[in-house]
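Shown here is one chain on its own, the form predicted on its own, set out as structure tokens.
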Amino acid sequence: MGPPADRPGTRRVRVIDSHTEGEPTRVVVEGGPALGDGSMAARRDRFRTQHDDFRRAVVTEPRGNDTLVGALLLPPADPAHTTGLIFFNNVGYLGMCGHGTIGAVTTLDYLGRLPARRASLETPVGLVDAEMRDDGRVSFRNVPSYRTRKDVAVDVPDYGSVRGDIAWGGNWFFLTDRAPFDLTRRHARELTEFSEAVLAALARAGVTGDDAAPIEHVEISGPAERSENQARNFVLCPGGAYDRSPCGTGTSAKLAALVADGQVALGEVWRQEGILGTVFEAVAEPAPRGIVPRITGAAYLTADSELLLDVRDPLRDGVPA
């Protein structure tokens, strides 16, 4: 009798795992669902409505965990571009993912798919250009990022009035400098509870992004621990896990707000620590609305493996929510 992978009804999925400044990414290289043609937004919608079992199988328990972000490589709609990317996590789908982009580009380089060490990536929210640098880091130009509302106040039970900005960096963020605890891992549980309470308050108050889009991320900013950096953050992601990296889309949203307030100049390097003390560098370029952020960070490969989806396994599609 052969191994389970040789038995009828077992599906093989090749994945390459990495972490970007502490936050994990799992890139699906082979064995993903057939999503047809069209834009990444259209294919993401097909993914959500027709193949959500695959998302759960790849990133939730027992094969994954709440912090893991998946990235599905797809043929681009425009053959002039390098690849398409759809990002997903333990509860759903992301418009864009900064740490995941860095992880995906590092994976493409490992696979030999970046002969010029540059990539043009189609995402559900727009085109993202990236390059592998000689120092091993990745720089990418994110989608245009901007602030839509400044100094919004919401009443948060047990915490009182919390003020912050609403900004877009590829996902919608509530940006606040209200840090009820030090931005360190020892306070991760308390920071998570505070951020979840803020998200619930925003939803009750009807505070949204453009076109009534829900705000799914909270970014808390505070002073950096090291003098060469300008800030430190804690970011709560959809699904209740906090970002171990400084969060690429969160850094983009925060930079857009800082530029709008005149606190950071176009072309100035701004360095932000995450909750682990790892760093993203960010530079703002001009855009018709807001800025175009260029984010730089490093990813490190951790596994090149196959997932086995056995039809007999009652938890093949992940642990039910």
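One rule holds for the numbers: they count along the sequence shown, beginning at 1. This is a predicted model, so every value here is computed, not measured.
Heads up, the form predicted together with a small molecule isn't pictured, but that's what we're talking about next.
- Looking at 182-190, 244-252, 153-161, 126-134, the stretch with residues near the small molecule in the predicted complex, meaning non-hydrogen atoms within 4.5 angstroms, turns out to be 244-252.
- For Gly103, no non-hydrogen atom is located within 4.5 Å of the small molecule in the predicted complex, even though that partner is not displayed.
- Of the heavy atoms in Leu94, some are within 4.5 Å of the small molecule in the predicted complex.
- In the predicted complex, the small molecule sits within 4.5 Å of a heavy atom of Val69.
- For Cys237, a non-hydrogen atom is located within 4.5 Å of the small molecule in the predicted complex, even though that partner is not displayed.
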